[in-house]
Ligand code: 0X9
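Consider the single chain below, provided in structure tokens and representing the form predicted on its own.
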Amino acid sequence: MKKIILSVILFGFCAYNLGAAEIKTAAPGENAALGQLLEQPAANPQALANPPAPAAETAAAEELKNDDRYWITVLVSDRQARTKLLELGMDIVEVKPEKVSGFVHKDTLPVLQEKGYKLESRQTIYEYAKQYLKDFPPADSAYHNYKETTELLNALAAANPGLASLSSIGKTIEGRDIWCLRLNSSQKEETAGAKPAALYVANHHAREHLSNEVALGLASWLLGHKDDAEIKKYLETLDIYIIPMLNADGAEYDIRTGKYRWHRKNMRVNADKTIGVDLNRNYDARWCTAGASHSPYSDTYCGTAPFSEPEALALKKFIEARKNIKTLMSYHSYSDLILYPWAGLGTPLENEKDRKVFEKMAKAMAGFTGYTPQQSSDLYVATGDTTDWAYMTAGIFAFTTELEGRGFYPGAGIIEHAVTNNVKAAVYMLSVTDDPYKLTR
């Protein structure tokens, strides 16, 4: 995973080009660029979203032989059944019309059988992993670990002192800084801002390394295009915050041995000695009342209380201290979706005006990515979610993007494609951050 920092910067500025559907800048006084781009059909992500499966390793990482999780497929066809599976401890990864697949702890298997769920298939995570395991270095060396992410963010800030500044919003449970890159032409680091703000945050879940790449790619692209009329306008009139790696401990643990571990949670050592809390079930938004588990061994474990985890607490304090944040994007993988509240309720958002804004923004961003826009709970109800909390607490128009890919480790070849279309969607979000309600007028 060794990279020369200059090469990284050049990669960030140049490799994420937008090709034939490049975001064009408007001439002074014009604002047609994004409208023109919306009319273009989104690139079909499937060609790169479903690359050939990587060659199997001769043996999976030894520690996975002792992992207590199974990969299972369960026959269910409705949201209520999927939500109950989450509460029983299943980490649902893939949703299809008549079944779901994901990870469960071995102790959950008899519970599912007692509840009458029919398993189509099951295999140990070791057996499952043998199909997909490959080294982070060198096969996926294009991905950035924590050290490389930190170096790139520092380099971007140093190369753009008039626009970019870097600060830590807090520490992870293992003491790593949670870095935030701020893009603002007049204010730096932690000084209070009055401009409308947009927040992009990634890597809530450890194994979702592609989300870190999208956030880094967005930061690099915006600074690489800082002189374009449209981007310059946003840098002058908005506060832009980018947090690429919220769960740095988990991301590092997932690749520590040079083999992927399919780790989702943070690195909290629970009372029963299991590892981790699901950060995206730890927010105080109907916390742990549906679609989350109270079992520490579960991948959807909600923790002992809302904001029990320093990573979620750091983001909470960050948002609460910045009343100017109007829009938020939380990057995850994988499902090709753009989701909006509610996640924790199976009913539509009660505020019709806000619901229309969410729907219009999601549809527009889906026009760039080719993903499907929908309410989060259309999949299943999941409480303690970041976006629900941000909207409930601060009225932020908060979204979750589930990135493309055939799995959590889709290879390096997908990065450019994922970054390209998600940069377009992110820039669209900037275009409405000054006043999202203008979409309803």
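Note that this is a predicted model, so its numbers are computed, not measured. Sequential numbering from 1, following the sequence displayed.
We do not show the form predicted together with N~2~-sulfamoyl-L-arginine, though everything after this point is about it.
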Partner-proximal stretch of 363-371, 306-314, 279-287, 190-198 relative to N~2~-sulfamoyl-L-arginine in the model of the complex, 4.5 angstroms, heavy atom: 279-287
Distance check, residue 390 to N~2~-sulfamoyl-L-arginine in the model of the complex, heavy atom within 4.5 Å: no
Residue 398, heavy atom within 4.5 angstroms of N~2~-sulfamoyl-L-arginine in the model of the complex: no
Residue contact check: residue 82 to N~2~-sulfamoyl-L-arginine in the model of the complex, 4.5 Å heavy atom: no
Touches N~2~-sulfamoyl-L-arginine in the model of the complex: residue 339 (any heavy atom, 4.5 Å): yes
Heavy atom of each of 264, 376 and 379 within 4.5 Å of N~2~-sulfamoyl-L-arginine in the model of the complex: yes
One residue of 99, 171, 225, 332 in contact with N~2~-sulfamoyl-L-arginine, assessed in the model of the complex (non-hydrogen atom, 4.5 angstroms): 332
Heavy atom within 4.5 Å of N~2~-sulfamoyl-L-arginine in the model of the complex - the one residue of 343, 214, 245, 90 that qualifies: 343
Stretch 205-229: residues contacting N~2~-sulfamoyl-L-arginine in the model of the complex, 4.5 Å heavy atom cut-off: 205, 208
